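Single chain ahead, by itself, as structure tokens, in the form predicted alone.
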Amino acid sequence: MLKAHKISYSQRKFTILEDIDVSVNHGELLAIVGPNGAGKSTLLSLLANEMDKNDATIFFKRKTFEEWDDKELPRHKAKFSQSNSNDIPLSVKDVVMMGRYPYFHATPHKQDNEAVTKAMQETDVEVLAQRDYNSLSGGEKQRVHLARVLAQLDNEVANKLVFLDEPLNNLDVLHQHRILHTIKNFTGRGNTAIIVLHDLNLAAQFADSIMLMKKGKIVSHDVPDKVFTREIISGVYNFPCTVCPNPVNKNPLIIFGT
């Protein structure tokens, strides 16, 4: 689905990413984790073709992004970013409809309205459809933009890819799990998701593979059981932890502190 080799990135002579290889398969949910300043969001933006890549070549569906048609690419991939405008003078439904702009010129079609309704249901914002976006709380705005991204990829194209940069910020426990279940269902249909997370236990519960980063490098990239060990996590976060089986699902459970 997505492959990149030897990604490096520097800014003002400061190395942010160094020699990173990435390979993500169809139907995979990859979680990128690591402490602050590890380069997680920068890597995600580079993989999503939003930044200069320092000559690194990224292949998406066996084509470089330069080989893709600009009008066709948004039907295959979408990205949710940490920061979105807090001042959008539109209703919630109209903000979500922005995700459908690649599919119509002036007037939304039936399938566009259906995709918007479905996305709002999945993110629990359907009851806010007619609300002024600017009147919402931070968590509600977060879910609206998640709905916009989901609506963008609601189409007949096979093997879609979504990038999500810390999509759980400002969300309560219910909506954190609801969003991750939605993403898991998305990948369960043969699509792919690359998500930056801070909560290691949620990553262990939902991700198929984990990429653990520190200071711009990959420390470990494997299944959760192989990455989330006491030695690796304590070393990367410079803080003691215990790792034991989660009593509910047997996934690794990380408990920080002594």
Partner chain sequence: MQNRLSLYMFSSILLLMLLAAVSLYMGVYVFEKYSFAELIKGVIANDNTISDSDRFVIMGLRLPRISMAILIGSGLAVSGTCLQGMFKNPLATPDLIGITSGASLFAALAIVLGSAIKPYIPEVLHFSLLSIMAFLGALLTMMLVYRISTTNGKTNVIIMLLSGVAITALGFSITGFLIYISKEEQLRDLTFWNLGSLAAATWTKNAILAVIITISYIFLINKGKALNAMMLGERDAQHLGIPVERIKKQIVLFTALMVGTSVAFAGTISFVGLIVPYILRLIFKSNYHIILPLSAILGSVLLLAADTISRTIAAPAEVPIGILTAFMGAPIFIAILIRNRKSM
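These numbers come from a predicted model, not from an experiment. Positions refer to the first chain, counted from 1.
The protein also exists as the form predicted in complex with its partner chain; that form is not presented, and the subsequent description refers to it.
Of the listed positions (N159, N170, S91, N155), a single one reaches within 4.5 angstroms of its partner chain by any non-hydrogen atom in the model of the complex, namely S91. The closest non-hydrogen atom of E126 lies beyond 4.5 Å of its partner chain in the model of the complex. Contact check for D70: a heavy atom falls within 4.5 Å of its partner chain in the model of the complex.
When contacts are judged by a 4.5 Å heavy atom cut-off, S137 does not count as touching its partner chain in the model of the complex.
Of the heavy atoms in N185, none are within 4.5 Å of its partner chain in the model of the complex. This chain is displayed without its partner chain, yet in the model of the complex the stretch 44-52 from 195-203, 23-31, 210-218, 44-52 comes within 4.5 Å of it by heavy atoms. Shown here without its partner chain, the chain has H145, R148, Q152 in 139-162 lying with a heavy atom within 4.5 Å of that partner in the model of the complex.
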